[in-house]
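Here you get one chain, nothing else, as structure tokens; it is the form predicted on its own.
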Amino acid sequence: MPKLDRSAYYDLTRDMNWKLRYVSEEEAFPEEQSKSYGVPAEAWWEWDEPYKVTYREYVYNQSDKDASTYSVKSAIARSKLFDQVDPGWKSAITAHYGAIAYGEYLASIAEARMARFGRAASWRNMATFGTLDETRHGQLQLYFPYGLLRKHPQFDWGHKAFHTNEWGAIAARSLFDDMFTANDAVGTAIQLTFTFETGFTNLQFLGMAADAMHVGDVEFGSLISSIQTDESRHAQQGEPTLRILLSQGKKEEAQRLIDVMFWRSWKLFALLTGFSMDYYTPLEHRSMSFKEFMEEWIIKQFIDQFRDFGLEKPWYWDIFLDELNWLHHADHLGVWFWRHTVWWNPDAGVSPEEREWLEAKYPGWNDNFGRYWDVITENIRQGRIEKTLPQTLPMVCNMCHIPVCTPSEPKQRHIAPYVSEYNGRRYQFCSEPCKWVFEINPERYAGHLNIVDRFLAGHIQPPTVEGAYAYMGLTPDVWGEDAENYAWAFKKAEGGKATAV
């Protein structure tokens, strides 16, 4: 076998489907785990992955990538390169490690479910590699922040975040449990590999790797590049799964799977990637705005895929396009204001030059968001830091678990939270699509408690903002502070340059 070309044996060894006689199909592939949607077993055997790899090739490639990535880390650890990286960028990767590292291990559960309950042998073969991928990604993204612990204790949250009740961790767990650990094989293929990975994270990792190199963070750039090459392979499981569903007349089911997870993914993506690109990345290294990135890479790709597969754009597409103009700006303002509730140091990113860039990329930014930053800036200049910190908790969505925010302009926007009643309880949502996701499957989501639910239920003691910090596992040595120690507030524009007051 080692002497044969792959083409001589690949199809035979990876596509060993057979009719079961020792047990029934229902026993081998229970519906709650595999979710066939009524598609006959033989129809699934047409599953064919576009990215083909043998175990021999896989091990060789992965070993080579690990050797390269860990070598870069070892070399950088002996230098002072990380110390010279912009504070905002350090905040971006600190947020990334906490939100993503442990989630990679959870994704290995999703891949393992497809490796066992996928209805085609070729699919199970591909998912086995995906399981190994996600385990490797988790190991890498826990080891790298561990090596930075001597720089700041916040990097411990690469491992710690998902074990706490911090509000962002609650939101991430809710999304990842829905997509990874509590999903069936078909739902995982469509929602994780097609919608989330192909549509969002794969392209994001490409951009982050390039940005890291521009900023000078060679270590993180090497890490993300190594992960992205795996993502581009195992993310291909969604397309053949989707094709089989559509060929069997299951367009409505496929459309709903995509629509639900596109919206859920967007809410977290806007929160983390939005402010990383538009506020935390140094101005001189911003190749495009978050909105431009979404339009050029994410939206274009999804529109092309919807057309190619004969699918429709999600019914809420206009709502999504509207949020693209303001949601991550509102999220960023809230995260900076409630900075003690996160494990990284939010970079305000609103120096005079940065505000000029934001206004150019998002016309009307100064009128909608700059006026709030004007008040914050004045309070900082007058030494009234306490006025830039919250005295209470915000209203939080019962679906995405992210604080509710809606700009007051234009007037036709729906300002009040969306409300739904279920089993005698009132649920409040940030948007109509979040309400829709909840209402099509309320039993799946009704038991989830966001951070405000827990506060009102008496889980947080004492029932104060300080008590909430403690409940979330945040202490003064790790909770967020302004990344630049408010230096941006003491700059003014003179002759096109930002100078200290």
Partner chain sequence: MAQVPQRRRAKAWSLWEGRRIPSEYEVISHKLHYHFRRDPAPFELDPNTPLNQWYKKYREGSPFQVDDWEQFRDPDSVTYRDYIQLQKEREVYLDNLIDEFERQDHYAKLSKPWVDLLEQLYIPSRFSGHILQMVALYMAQMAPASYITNAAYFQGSDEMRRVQRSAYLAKVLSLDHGEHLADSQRTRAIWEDDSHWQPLRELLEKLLIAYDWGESFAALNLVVKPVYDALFIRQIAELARSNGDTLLALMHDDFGLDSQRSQRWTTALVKYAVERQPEHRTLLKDWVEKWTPLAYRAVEGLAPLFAKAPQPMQSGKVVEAVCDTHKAFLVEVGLE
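Positions refer to the first chain, counted from 1. Heads up, when I say rigid core I mean the largest set of C-alphas that superpose within 1.5 Å between the two forms. The structure displayed is predicted, hence computed values, not measured ones.
Not on display, but discussed next: the form predicted in complex with its partner chain.
- Stretch-level contact check against its partner chain in the predicted complex with heavy atoms at 4.5 Å: of 147 to 155, 347 to 355, 323 to 331, 241 to 249, the positive one is 147 to 155.
- Contact between Tyr9 and its partner chain in the predicted complex is found at the 4.5 Å heavy atom cutoff.
- At the 4.5 Å threshold, heavy atoms of Thr54 reach its partner chain in the predicted complex.
- Interface residue remark: Asp66 is counted as part of the site for its partner chain in the predicted complex, having a heavy atom within 4.5 Å.
- Shown alone here, Gln139 lies within 4.5 Å of its partner chain in the predicted complex, counting heavy atoms only.
- Although the partner is absent from the chain shown here, Leu4, Tyr102 and Ile109 each have a heavy atom within 4.5 Å of its partner chain in the predicted complex.
- Though its partner chain is absent from this view, in the predicted complex it lies within 4.5 Å of a heavy atom of just one residue from Ser265, Thr198, Ser174, Gln228, which is Ser174.
- The partner is absent here, but in the predicted complex a heavy atom of Ala446, alone among Ala470, Leu456, Ala43, Ala446, sits within 4.5 Å of its partner chain.
- Residues Glu27, Ala28, Phe29, Pro30, Glu32, Gln33, Trp45 are the members of 25 to 49 with a non-hydrogen atom no more than 4.5 angstroms from its partner chain in the predicted complex.
- Relative to the superposed rigid core, Asn485 undergoes a CA displacement smaller than 2 Å between this form and the one not shown.
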